[in-house]
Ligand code: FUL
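First comes one chain, alone, set out as C-alpha cells in the form predicted alone.
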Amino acid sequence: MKTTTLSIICGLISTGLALAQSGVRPPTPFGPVPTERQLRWHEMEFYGFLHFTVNTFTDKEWGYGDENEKVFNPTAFDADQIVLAAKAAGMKGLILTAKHHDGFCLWPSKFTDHSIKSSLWKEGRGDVVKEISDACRRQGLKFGVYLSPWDRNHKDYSRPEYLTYYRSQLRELLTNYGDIFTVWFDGANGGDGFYGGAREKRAIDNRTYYDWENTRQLVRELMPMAVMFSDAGPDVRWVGNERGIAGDPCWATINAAGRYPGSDSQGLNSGERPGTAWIPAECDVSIRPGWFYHAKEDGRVKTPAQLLDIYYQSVGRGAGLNLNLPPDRRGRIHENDIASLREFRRILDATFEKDLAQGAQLTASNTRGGAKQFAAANVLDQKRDTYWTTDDGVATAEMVLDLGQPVTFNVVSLREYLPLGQRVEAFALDQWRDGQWVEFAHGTSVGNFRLIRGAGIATSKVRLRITQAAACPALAELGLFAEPAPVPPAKVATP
C-alpha cells in the first residue's frame, strides 16, 4: 500500500512506453483531476495536528489575546518526543499551530513582541517552530503550519494594515523553516478580543477582507508544492465537522464557486458530484475532547477502538486524517495519549500486514484492448501507478478473485488510479457461498482509498462488481485483510 509521486510519474512514462509497443491508449481523464501537490498529499493519508500555545498554560481553548507572554513556559519541552510519538502512530507529517486566534507566535517573529521571544522559556531565545520542524526532518516526517487569520491581539485586526502584518508572518514561516507540506487556514473570523488594548468586538466580511487570492498567491510563490487547507481549499477542504468523520459517499470533487474560509459548510462532508474542482476532504479531530491540553481530560483520551473507527471513516472513505495530539505543560505528548496511539497502531499494522488476496487467480469481464498493462493482475501489485481498466463505453464490469481455498477476512480495500479522476460511482462485493454468489457489501465513491469493514467473511472466491461508472473504471488496488482478535485485558492478581 506504499508508493510515492515519483512512482506515479514513472508509471505514466512506462504506460507511454507500453502504449508505443501495444498501440492501446490509456483512458482519457474524467472530470477534475488532482494536481501533483494533491497527489503527494493523498499519499500521506494520516498526519497530525499540534495545538500548543498560551492556552496550554491558561487552561483555555481560545485565548482572548491579552495573555501575558510569560505564561508560556514548558518545563521539559522535547520536540523529538513529540515527533516520535506521531511517527510511532504511523503519521506521515505534523502541522503546528504557529499562531492561534490569541495571536501568540511560537516563533520569534520580528513583527510583534507577542511571541515566544517575550516568554520565560529559554529566556526568550527559543523557537518552537524551528525545533518541531527540525525534529520532523530528523524523523522523516513532513512539516506544516497553521497560521490563524483571526488575531485577537493585534491592534490592526479588521483594518487593511493587518493584511500586511499577516502576510509578513506567513512569509517568515515559508522562508525560514524548510519545506512546508501544508498551510492550514482556519475559518474562525472576527469577534471580541484585546486588539492591542482595545477591548471590543470587531467584525469583518470574511468573503472579502482577507483578499485570499493574493494571500494564496504568496504561498504558491514561496512554497509551490504546499497544499492549502480551508473550508474552500483551494487544495484540501474541511470535512465539515470536528469528529473526524467523512461522509459516505465522500467525493474528492466539489463545486468551488462562492466558497471561502468560514463560508457555509453545505456539501463539504460528502463532496459534490461531478463537481467543478478536485478538492478532497481532510478530517480533523482531537485525540481528546479539547484541542489544547487540559489535565482534567487525561482520563478522556480516545480509546484505540475509537481511533480505529475514525480511521475507517476518514482514510477509509478517501479522505485524509489529521489527528490532534496536544502537548502538555511539560511540552510533551502525555503518556495516556501515547498508550492509546500505540495500541491503535498495533491493531492497524496487524490488520494490513498480510494481504490475503495475494496469489489469487484473477479474471475480469473486460480488459482494455486485451493489453497486459491494463490487466486485472495490476490490482494486486501494491502499486498506485498500475491499474486495471476496461474499454471505453464499458461502465459496468466485474472481477473475480479465486483464492484457491477458503480465506477469512473482514476488511476489503479498493483504490482508484487518481490521475484519471474519480470514475467509479457504485460497486458491490460478493462471496461464493453454497454454489452461488451472495452480496456482502456495496458502496459508492472509491477515490484515493476505500475500506469496507464488516463481519468476518469465509470464502474461496470474491467478486467485485462495478455497477455504475461515469467512465470506464480504472482500479489500482483490491485487497483482503483480517483484523486481529482483540487482546483480552490483563488479569489482576487477587490477594
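Start at 1 with the first residue shown and count on from there. Bear in mind the structure is a predicted one, so any value in this text is a computation, not a measurement.
The form predicted in complex with the named molecule is left out here; the points below concern that form.
Not one of 121, 127 and 332 comes within 4.5 Å of the named molecule in the predicted bound form, counting any heavy atom.
Considering the named molecule in the predicted bound form, the lone stretch of 46-54, 66-74, 433-441, 451-459 in range is 46-54 [heavy atom distance within 4.5 Å]. For the chain shown alone, residue 107 is not a contact residue for the named molecule in the predicted bound form, no non-hydrogen atom being within 4.5 angstroms.
The named molecule is not drawn, but in the predicted bound form it has no heavy atom within 4.5 Å of residue 237. Using a 4.5 Å cutoff between non-hydrogen atoms, residue 101 counts as a contact of the named molecule in the predicted bound form. Although the partner is absent here, residue 195 is not a contact residue: none of its heavy atoms lies within 4.5 angstroms of the named molecule in the predicted bound form. Among 291, 278, 344, 409, the residue placing a heavy atom within 4.5 Å of the named molecule in the predicted bound form is 291. Put simply, of 210, 146, 311, 162 only one has a heavy atom within 4.5 Å of the named molecule in the predicted bound form, and it is 146. Counting a residue when any of its non-hydrogen atoms is within 4.5 Å of the named molecule in the predicted bound form, there are no hits in 413-443.
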